[in-house]
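Before any questions on binding or motion, here is one chain by itself as structure tokens, the form predicted alone.
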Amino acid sequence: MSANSVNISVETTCENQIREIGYDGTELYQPPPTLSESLAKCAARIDFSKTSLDDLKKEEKSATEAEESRDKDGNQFQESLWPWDAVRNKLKDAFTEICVLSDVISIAKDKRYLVLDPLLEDGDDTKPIVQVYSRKKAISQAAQVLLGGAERLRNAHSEQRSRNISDFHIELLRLRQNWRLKKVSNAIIGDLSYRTAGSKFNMSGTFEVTKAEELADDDQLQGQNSSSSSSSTANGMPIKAASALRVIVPAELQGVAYIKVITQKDQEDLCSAQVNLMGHGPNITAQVGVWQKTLEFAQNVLFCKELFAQLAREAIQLQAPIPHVVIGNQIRATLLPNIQLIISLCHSTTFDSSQPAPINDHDHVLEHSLHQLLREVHYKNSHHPFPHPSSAPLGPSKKRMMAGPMAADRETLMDMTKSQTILEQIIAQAQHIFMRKRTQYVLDTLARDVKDPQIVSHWNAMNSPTMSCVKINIVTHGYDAIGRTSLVIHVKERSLKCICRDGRVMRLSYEPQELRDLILCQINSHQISCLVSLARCMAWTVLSNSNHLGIGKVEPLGNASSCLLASPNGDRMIAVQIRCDPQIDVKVYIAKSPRQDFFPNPLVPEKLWENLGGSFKEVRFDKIEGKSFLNKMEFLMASLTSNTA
């Protein structure tokens, strides 16, 4: 190499093939191939078709000729072997072995070139009857095994029945038919709550079902469930000696619980109700086991706690004129002056037979209302009205959705949004119950004290929880056809609505004296109206009739009624006055004509003026024969008419 030589660097271009040219002139190059891609590209150049012997001989011949030519041309440089020559040779050897294996398999399979015979062993000839006997013996042995197993199962079942122990799986099946169960890992968990019915009470109602391992542990397990077993024994229900499963209930759900509702007036219980779930539904304890009673008591405790929690929450939230009081497990609400509603949660973990018995005056309507109202809350939580149309929001009722097309006013919309809580409805029902009892007491007292006329009350059997209807008929015995006075009273929560026969409507408060005064006034008007009808039947003339007499002393109750009657000949007159002071007071006066003390004088010379009648004289009405007022008046008018005949 000369000193003037120039070093030339020869290297490959780093640019790869252009894959894409962007709109802005940017060139995107294809990335260089990886080692695996380079290997696949080189392997693709191998011609595997040149694998026959002729090709191999030709390649060997060409290879020898090439070596000779290389030896001859020693000055020439030696070419390098093909880099994939070793790989090709390995593949060629493997192909040869596979071909040999394929030929052997084809020869053995087709049996045209070679037959492979197995080695024969020297054996005795067996007769068919021997095979039959051997098979029969084997079948008899299998039958003995099956019969032995069946006998052991039969003995175990009879022993289990004699020891009065039920099967675990049968008990579990019965438990699953009445309660919700699920398997969590290796444990069986049940649920006593009402979440599937719409309840949102956060207390856990889960219980665990376990298997009774040994009969010796029954006493210990019964000690754990002493509350349930003692309760079921006290109720007189038959209890099985042992059960194949045991139910483990949380400590807060054990025992007996109930909600006691009392209407109290001046420390005196007027009405009471005990609310629980016991005694509802079919009694299936005899068909199942002790666990059924345990779960029923636990679910009853959960129900009472949920109901009391709902009532306590509403009592705190409501803004009443007299605030409700929640102290511990007791809620106090004022119904009427000096009348309180007391709701108490009673929960005892042990059953005590010395507990006082419930009060006989049990209000089943109030108990059923509490059940029904809590059920309505659950129903509303799980059942929402469907939107109309389907694109409308979910939640508003159908009435609110129709308020726009129906052009509802503001008052109607406000009424749609109003809803009563459970406590408000219970208070309203308790008020109505008290008003109904007070009305019944007033009517019964008047019917007992007032013998004439008779007061007949007809209570409507179909009533709502907050309104009752009673129809009062005032009649006189023996004179029903002459006349009767009817009025209807609507007993509401804190008031009374009285509808008279003439269409007058009077609204009364919760005071019983107002109703008593109204009935006495109706009796007063009834006596006068029946007397007028009786006089017309006896041909007497009604000169005057007034239900509001404006003369005499002021009556403490209502107004006095009066009636003036004249005999058919006109020579007798009867004046009747009836007052409520405070009982029914009847006064009767009579006058005769012609007057015995009339003497003509220069001012009144004519004798005809003697027919004007004299002064009225009072009759001792209580001495007249007759059972009733109308009967006595009939006798009096008959006697005065006969004297003038």
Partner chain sequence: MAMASVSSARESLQHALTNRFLPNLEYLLQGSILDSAVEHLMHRLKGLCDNVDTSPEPFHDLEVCMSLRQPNSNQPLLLRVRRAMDRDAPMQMRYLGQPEVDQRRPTLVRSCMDCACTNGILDFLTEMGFRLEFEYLAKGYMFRKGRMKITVSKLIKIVHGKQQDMANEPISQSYIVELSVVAPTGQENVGEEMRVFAEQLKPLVQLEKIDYKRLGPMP
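By rigid core we mean the largest C-alpha set that fits within 1.5 Å across both forms. Everything numeric here is computed off the predicted structure, so don't read it as measured data. Positions refer to the first chain, counted from 1.
Omitted here: the form predicted in complex with its partner chain. The next part is about that form.
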With the partner left out here, check for me: in the predicted complex, does some heavy atom of Pro128 sit within 4.5 Å of its partner chain?
no
Flag Pro389 as yes or no: does it have a non-hydrogen atom within 4.5 angstroms of any non-hydrogen atom of its partner chain in the predicted complex?
yes
I'd like to check something about Pro393: if you look in the predicted complex, is any of its heavy atoms closer than or equal to 4.5 Å to a heavy atom of its partner chain?
yes
Does any heavy atom of Met401 come within 4.5 Å of a heavy atom of its partner chain in the predicted complex?
yes
So which of His383, Arg504, Lys553, His458 gets a non-hydrogen atom within 4.5 Å of its partner chain in the predicted complex?
His383
Using a 4.5 Å heavy atom cut-off, which stretch among 311 to 319, 95 to 103, 403 to 411, 133 to 141 contacts its partner chain in the predicted complex?
403 to 411
I want to check Leu394: does it shift between the shown form and the other one by 2 Å or more at the Cα, with the core superposed?
yes
